[in-house]
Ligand SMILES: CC(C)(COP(=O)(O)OP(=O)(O)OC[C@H]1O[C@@H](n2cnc3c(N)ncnc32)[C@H](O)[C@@H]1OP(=O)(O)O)[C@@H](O)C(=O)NCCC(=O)NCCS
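Taking the form predicted alone, here's one chain by itself in structure tokens.
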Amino acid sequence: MQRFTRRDAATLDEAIRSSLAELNQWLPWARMDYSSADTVAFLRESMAAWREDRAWDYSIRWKHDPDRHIGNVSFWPVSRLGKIVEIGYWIRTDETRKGICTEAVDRILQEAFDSMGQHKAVLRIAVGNHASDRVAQKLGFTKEGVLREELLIRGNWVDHSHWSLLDREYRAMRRGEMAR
């Protein structure tokens, strides 16, 4: 995983376009008329958010093929006082079901809990997005409920499941992994 730079525009754009049909049903930004200008705008905003400590976006890439964009993972503060961050992610369609997303989110959790001292991480996952639900389950998140009509996507209000993981749960899970 690495921070985005302007040089990532072509590979990010290619990854989004290759997966647009699938991303379109879950993410409001993944419109079928998505353009290269949208990619450039995202990169500009991502770099500004890093400078201003508003959000942290990472590009997921293979070590053996660093020019191929696999997906994104991001996190941002929901409550600085409550030490709560939200995490978002997507993986290009031809790289799903390989554990890449689970590994990337786990690395973000390490940063959030260990480096930044956060108390809770949350996910909002569109109801029906079973692949994203599996990532949450594998990482020990607790499904807290459903947020009704949480996000407007393609003119339809979409319910989202709300998941959370506390720092103490994360640490207990990590200790359990090490004990195996």
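Sequential numbering from 1, following the sequence displayed. As the structure is a computational prediction, the values presented were derived from the model and not from experiment.
The following text describes the form predicted together with the named molecule, which does not appear among the structures shown.
The single contact residue among Arg44, Arg68, Arg54, Arg134, judged by any heavy atom lying within 4.5 Å of the named molecule in the model of the complex, is Arg134.
Leu27 is the sole member of Val40, Ala49, Leu147, Leu27 with a non-hydrogen atom within 4.5 Å of the named molecule in the model of the complex. Mapping the unseen interface onto this chain, His130 counts among the residues with a heavy atom inside 4.5 Å of the named molecule in the model of the complex.
Although the partner is absent from this view, Ile91 contacts the named molecule in the model of the complex, with a non-hydrogen atom inside 4.5 angstroms. Residue contact with the named molecule in the model of the complex: Arg97 places a heavy atom within 4.5 Å of it. In the model of the complex, Thr102 approaches the named molecule with a heavy atom inside 4.5 Å.
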